[in-house]
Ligand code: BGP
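Below you will find one chain, with nothing else, as structure tokens; this is the form predicted on its own, and questions on how it binds or moves follow later.
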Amino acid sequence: MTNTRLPKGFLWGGATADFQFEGGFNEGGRGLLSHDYETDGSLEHPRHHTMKMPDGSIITPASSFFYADPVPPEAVPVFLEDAYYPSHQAVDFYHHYKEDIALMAGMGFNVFRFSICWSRIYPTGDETEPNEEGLQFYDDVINEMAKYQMEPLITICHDELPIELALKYDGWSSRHVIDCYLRYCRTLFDRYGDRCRYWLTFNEINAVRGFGPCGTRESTGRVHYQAVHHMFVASAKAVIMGHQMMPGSMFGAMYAMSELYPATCKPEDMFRHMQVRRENWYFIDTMARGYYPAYAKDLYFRRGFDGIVMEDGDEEILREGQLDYVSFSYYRSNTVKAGDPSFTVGGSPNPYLKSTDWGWPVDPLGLRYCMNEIYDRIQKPIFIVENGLGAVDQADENGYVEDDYRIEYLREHLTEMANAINIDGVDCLGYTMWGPIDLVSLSTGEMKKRYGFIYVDMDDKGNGTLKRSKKKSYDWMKRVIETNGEALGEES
């Protein structure tokens, strides 16, 4: 039988993002975020930013996760009275944090990954002094976690920035935002560094682009990669600062690294696989090894431009500020063949795999493959900080869900994680399952796409009591954690 018991000190927990989970968008001095103007949606009707033109007309550019076209510079974000903006309430962790942390502690979590809302600390991003009410909120959250011996894993920037930095400076396309970010980081390190060891500088930095996540009006080509370079420099400077201010702290960044296979062993498909996979490795290689890879020039060429602008000292900063560990999300795998366009998590169907309700292929072995792939290449500890199954849960009158499908998904993935650690020798710090408490989907803005062990009574338009209730998977995961993985081999 496979040994699924994990090493002593393994970190078990869950992961959330502030604009999908926290709510309280107009409370405690919080400023507006780039995501606050993003409406709800579905697979059939993607969510959009609402933008107003000088003539008063409203435009809704393509989904802000990947803009297809540049947003006109004269367009200004605007709220519509008849639209629903999920980030405003989310599932209201802002007022439920004590209850939510107690529920997670009840499962045995010893780590909780959450993101700090930048505009709750610096409402416009340009202030010289932070917002004390915002700082106190996260003090309260971290202190509440400490009651249960739960480690914070803090994402500093989770696909967002204060809206003013987007409008005034075109977001990360400006080096000015590096200074704003570092002021923000210094404030966090100074305030929370005595209680927080694990940090992530950015979330899925290889997947985000455009106005919502990066604050840039354009989402492709030179503008995007220049913005990414500024994020690389900001991350490296934050790592250097963090190590100085918080000796013993560990820094990572998070990448969308769902596995990718060649569609066939045809040489042209294999070569296209290498090219597309490198479009993700570009980010990890630069940040975790501390220098741009040689293939960067080819990547730029295929994107239609000849390179990025680096200032004096940038290369030294990247070398000195390389990451301590590599964290990543894993939800699915895909295939690629010659002629397929570039993508982060898209690709061609795999006929050997079943899919979720949202069309995501389910591939547990791909997680083991991905863990080995990253560790072999970088030779630094890894951390699985997102994984889970989005599904339409049917709750009974008490909010209970018989989510055996989630248990099956997690058992299979966690078993392969244990195999990578115990058989293959991968150094893995921990596992934080995405959305331990139901939250709003990033890609579609829906509530019905549920991931949690804990059900939240709320629909796609924010209606409901917000009551929390345990699903069947809650007690199952509790047993897995209390046996440190050994129970994965037990019958459900």
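In this text the structure is predicted, and so the values were computed from the model without any measurement. Start at 1 with the first residue shown and count on from there.
Another form exists, predicted together with 6-O-phosphono-beta-D-galactopyranose; not displayed. Remarks below refer to it.
Heavy atoms within 4.5 Å of 6-O-phosphono-beta-D-galactopyranose in the predicted bound form are found in exactly one of 90-98, 174-182, 200-208, 414-422, that being 200-208.
Though 6-O-phosphono-beta-D-galactopyranose is absent from this view, in the predicted bound form it lies within 4.5 Å of a heavy atom of just one residue from Glu386, Asp363, Glu160, Asp403, which is Glu386. The single contact residue among Tyr331, Phe114, Phe137, Tyr122, judged by any heavy atom lying within 4.5 Å of 6-O-phosphono-beta-D-galactopyranose in the predicted bound form, is Tyr331. Contact check for Met254, Trp434 and Lys449: all three have a heavy atom within 4.5 Å of 6-O-phosphono-beta-D-galactopyranose in the predicted bound form. Though the partner is left out of this view, Thr39 does not reach within 4.5 Å of 6-O-phosphono-beta-D-galactopyranose in the predicted bound form, counting heavy atoms only.
In the predicted bound form, 6-O-phosphono-beta-D-galactopyranose stays beyond 4.5 Å of every heavy atom belonging to Leu429. At a distance threshold of 4.5 angstroms between non-hydrogen atoms, Leu442 is in contact with 6-O-phosphono-beta-D-galactopyranose in the predicted bound form.
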